[in-house]
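Encoded as structure tokens, the following chain is the form predicted on its own, with no partner shown.
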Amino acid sequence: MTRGLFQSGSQPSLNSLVELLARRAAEHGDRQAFVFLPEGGNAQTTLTFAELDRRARALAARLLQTASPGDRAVLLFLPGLEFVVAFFGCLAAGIIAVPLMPPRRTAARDTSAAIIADCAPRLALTSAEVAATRPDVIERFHRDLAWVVVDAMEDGDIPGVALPSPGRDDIALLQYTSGSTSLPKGVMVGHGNLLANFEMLRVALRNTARSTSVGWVPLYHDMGLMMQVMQPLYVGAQSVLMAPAAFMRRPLQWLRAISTFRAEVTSAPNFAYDLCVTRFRPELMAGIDLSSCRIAMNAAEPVRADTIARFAATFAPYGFAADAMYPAYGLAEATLLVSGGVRGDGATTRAVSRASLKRGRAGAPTLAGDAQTIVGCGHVVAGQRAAIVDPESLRPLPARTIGEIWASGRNIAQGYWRNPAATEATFRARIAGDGAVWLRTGDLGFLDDGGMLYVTGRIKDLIIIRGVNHYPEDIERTVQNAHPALRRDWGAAFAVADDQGVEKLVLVQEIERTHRKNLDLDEIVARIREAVATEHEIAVHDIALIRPATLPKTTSGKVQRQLARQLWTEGRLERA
């Protein structure tokens, strides 16, 4: 089997992604690197390794006529290969790339202004399509930024400008956090962090130059950028990109692309696998063969055992192997991956006691109805360490005890952009008797006796009522199973304090579009109250049933519970 660019465990000989791309262009220049599949049957666009290298260096020379190495450039693109050229153009110029979602026209909750204020960019890179169809985007920021329009298909002359040679400690990009529990912060990801994590990914996934990938996750999100752009480049594989909106409208087209390109690797949050099952129709799967898929990474949000089971059962007749499902755990502060499974092993599940989880332990169920099935997110990948730590005492905890997940390794990013206090608190943690510097992830979980990592929630989202811990994801799933009119993966559970400071449970839940007419809302509310009381022994303070597509989520699909709480408090939810 081809081992890829570097040998496992060795020190990579490259210093940056710029050198990596140059090597790919020199060794396999005519090999197709990227394919973009547009909607509507339009012709796909492609880039070879040589074309990408040449066009990125030409763009870098243009950028250095206006900016200097170390300046920031926001990348504002609609889906397409222009983003890929722009990203590597920034790297080649030594300019720090800041991937950013184009702000929505009606952006009451948009974070782009806060991100731009934080990173103070010199440049904004965009496409002719954005300039033509979204003049509001350019108008919003035009006074502060120099705009550069990028054409991924254009071969321009390379001006006589000397390009820098980025080093491993140089910042490649600012990956802004999702903002699911706070304002976004810019994670400073260095070239060395990227190279280290991509080698970890290569070893964990066993990817080679033959491991074609297909993906639709937005490229301004860390999973999309790392798994669909940089990791394929690292192993010299082809990457096939789709527009996120195309997936949301026709999710089974994602599976068709896997079949068409005989892709080995794909990645998406848990909700995407649920959505495929929801939209499944036999006639839409005609001619689709999923037998080539060996890695279906499930990460970026809580991984559900019932989702995995439904997806595997639904698509097994079309060649999908259950052992291809690959639950994983990662975060932007760790570049991407912290833990994952073994290719071909499939998902590992574990039955635990609901009651023991509430007490901070992962004990075996002893009573009927006390069992809850949770999914393991694999073992910590080679080259990293992980520990479960009491977030208050900062002491390590034994196996099967729930605490904060900490991570350490060369892939851990350098900190938060111009935020030394948050950097010190999050990236410079210490464990007594251990000389390593640790990243505090803010996530809760436990390690079992064999070192399998199970993620149970977020510290800031944890609901504590009458001294008992409740994970919002568990309550939300109970709610969504209570009535077919309740939209799966589109609910938020959180606590609010009453006038006496007593914590009360509030539920916000979307209604399915197909069930909006002739609904008996009182019956639905009664079913929710009964289900939550039965499963979790909690009385619900308020249930807000809201219109479809109005629950606040991050760009990667994570529920923004703190923002939902704020909207509920201010009476600004769009109730059904």
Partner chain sequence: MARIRSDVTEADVRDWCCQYLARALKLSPGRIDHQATFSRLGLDSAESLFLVAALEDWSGLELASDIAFEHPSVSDLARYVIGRFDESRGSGASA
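If you superpose the two forms and keep the largest set of C-alpha atoms that fall within 1.5 Å, you have the rigid core. On a predicted model such as this, the values are computed, not experimentally measured, just so you know. Positions refer to the first chain, counted from 1.
Unshown form predicted in complex with the partner chain; subsequent notes refer to it.
The partner chain in the predicted complex is approached by residue 523, whose closest heavy atom lies within 4.5 angstroms of it. The closest heavy atom approach of residue 27 to the partner chain in the predicted complex falls outside 4.5 Å. Using a 4.5 angstroms threshold between heavy atoms, residue 245 counts as touching the partner chain in the predicted complex. The partner chain is not drawn, but in the predicted complex it has no heavy atom within 4.5 Å of residue 542. When you look in the predicted complex, the only residue of 514, 44, 68, 534 with a non-hydrogen atom within 4.5 Å of the partner chain is 534.
Note on contacts: among 479, 357, 275, 171, the single residue with a heavy atom within 4.5 Å of the partner chain in the predicted complex is 275. Contact with the partner chain in the predicted complex, judged as any non-hydrogen atom within 4.5 angstroms, is confined among 333-341, 112-120, 396-404, 247-255 to 247-255. Within 4.5 Å of the partner chain in the predicted complex, a heavy atom is found for none of 237, 430 and 440.
In the predicted complex, just one residue of 450-481 lies within 4.5 Å of the partner chain by at least one heavy atom: 466. With the core superposed, residue 540 shows a C-alpha displacement of at least 2 Å between this form and the one not shown. With a cut-off of 2 Å and the rigid core superposed, residue 504 has a Cα displacement that reaches or exceeds the cut-off between this form and the one not shown. Relative to this conformation, an increase of 3 Å or more in the Cα-Cα distance between residue 535 and residue 349 is found in the predicted complex.
Distance between the C-alpha atoms of residue 357 and residue 498: shorter by at least 3 Å in the predicted complex than in the displayed form.
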